[in-house]
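The form predicted alone is given below as one chain in structure tokens.
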Amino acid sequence: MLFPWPDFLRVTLQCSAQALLIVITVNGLVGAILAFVGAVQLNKFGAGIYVADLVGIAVVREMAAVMTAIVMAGRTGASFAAELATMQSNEEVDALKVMGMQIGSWLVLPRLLALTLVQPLLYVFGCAAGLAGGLAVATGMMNLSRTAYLDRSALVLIPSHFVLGSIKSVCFGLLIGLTGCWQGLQAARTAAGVGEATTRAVVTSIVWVIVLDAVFALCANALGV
């Protein structure tokens, strides 16, 4: 089975380094927003220190994985769909078939592997950015000491939270990659078909990411994780 290593490396770079800045920015802002909303409410009860619990658990278990997946669906999933739909429109996919290439291993597999492998790494950066955003708001708005905030975060962030978030990120990456490639290969062979495939890839990916996250939440609750 032929495997296009140059294409795999190109897609991996596109999914990782080129997407890192927007992933960090979005997750940092989400962490700051969570801290701000939590601070307003918790200060009323004199429990401001617990904003570290709110931000830490929410970011690591849910928001970092979900927000990173949504960013990648709008960025990379759309790119997969548009690229493959354009190849379909230009009859490049048919040409590859005539040459005896397997479309699954030549076009789909490199993109699927790249996104699935990179997604957990982006999740880690998303966690760091979200926690940093929460720390900035907590220390700046609530006058909490950085040491107290970090100590509280270290206390509540147990390994199972990171394991759950990492598993989610892998599944989200697989889902986004499959959806983008599928919609691209099923596109009509027109310019309008490329746009429609891209739109369907983004919308479908985001909807199923939310649905899958809800399933994870139910399973985690049932298992007591």
Partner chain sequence: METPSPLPLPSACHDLANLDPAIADHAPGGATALAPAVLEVRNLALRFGSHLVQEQVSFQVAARSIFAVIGMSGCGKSTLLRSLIGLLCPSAGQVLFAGVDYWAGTPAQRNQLRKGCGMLFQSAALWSSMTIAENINLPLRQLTALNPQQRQARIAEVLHWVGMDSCADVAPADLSGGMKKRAALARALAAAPPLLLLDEPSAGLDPINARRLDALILDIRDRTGAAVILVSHELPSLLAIANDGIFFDAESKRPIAHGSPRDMLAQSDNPTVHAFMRREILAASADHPAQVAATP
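Numbering follows the first chain given and starts at 1. Computed from a predicted model, the values in this text were never measured in an experiment.
Unshown form predicted together with its partner chain; subsequent notes refer to it.
Trainee: Pick the stretch from 142 to 150, 85 to 93, 112 to 120, 129 to 137 whose residues have a heavy atom within 4.5 Å of its partner chain in the model of the complex.
Mentor: That would be 85 to 93.
Trainee: Is residue 124 close to its partner chain in the model of the complex, meaning a heavy atom pair under 4.5 Å apart or at it?
Mentor: No, residue 124 sits far enough from its partner chain in the model of the complex that none of its heavy atoms falls within 4.5 Å.
Trainee: Applying a 4.5 Å heavy atom distance criterion, does residue 99 contact its partner chain in the model of the complex?
Mentor: Result yes; residue 99 sits at the interface with its partner chain in the model of the complex.
Trainee: Can you list, in sequence order, the residues from 130 to 169 that come within 4.5 Å of its partner chain in the model of the complex, counting heavy atoms only?
Mentor: Read in sequence order, no residue approaches its partner chain (within 4.5 Å, in the model of the complex).
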